[in-house]
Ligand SMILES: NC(=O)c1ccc[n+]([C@@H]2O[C@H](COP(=O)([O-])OP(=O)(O)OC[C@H]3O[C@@H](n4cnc5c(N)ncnc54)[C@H](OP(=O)(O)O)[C@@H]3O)[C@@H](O)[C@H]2O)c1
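A lone chain, given as structure tokens: the form predicted alone.
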């Protein structure tokens, strides 16, 4: 099954200048714990923004060319989505914005850290109709004066 994981601001902000707009320690910990032992798939720019390969995960990068250091490079997003949308294995899509948009129709779960703040951004999470999902609040917290909620949206 395909799941999406992201931290989004009040206006669906994700990133700017190939970096996250929100840097919350608890969100990073939640991301590591949630995706550990799973496959993570991302666009080339997201891959390039990382400090290195994500440990304890299979790293797949969507690119037209072979990506050095990745466990696998995939050029056909639609074929990948169709292959994994109904599997038992949970594959996490971790960015960026256009990759989230491409996978949103295939995702069964959206793990969103909903940050109660706005930020200057140039990449945004795609809009989706929350009425089509069941929402579960996993945890609420606050860090550096910023409130956030770990929420899981599951397609109905």
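Numbering follows the first chain given and starts at 1. The structure displayed is predicted, hence computed values, not measured ones.
If you look for the form predicted together with this ligand, you will not find it shown, but the lines that follow are about it.
- The candidate spot formed by 53, 55 and 88 is out of contact with this ligand in the predicted bound form: none of the three has a heavy atom within 4.5 Å.
- In the predicted bound form, this ligand sits within 4.5 Å of a heavy atom belonging to residue 18.
- This ligand in the predicted bound form is not approached by residue 126, whose heavy atoms all lie more than 4.5 angstroms from it.
- Although the partner is absent from this view, residue 38 stays clear of this ligand in the predicted bound form, with no non-hydrogen atom inside 4.5 angstroms.
- With a 4.5 Å cutoff on heavy atoms, residue 77 counts as touching this ligand in the predicted bound form.
- With contact defined as any non-hydrogen atom lying within 4.5 angstroms of this ligand in the predicted bound form, the contacting residues in 85-117 are 94, 95, 96, 97, 98, 99, 100, given in sequence order.
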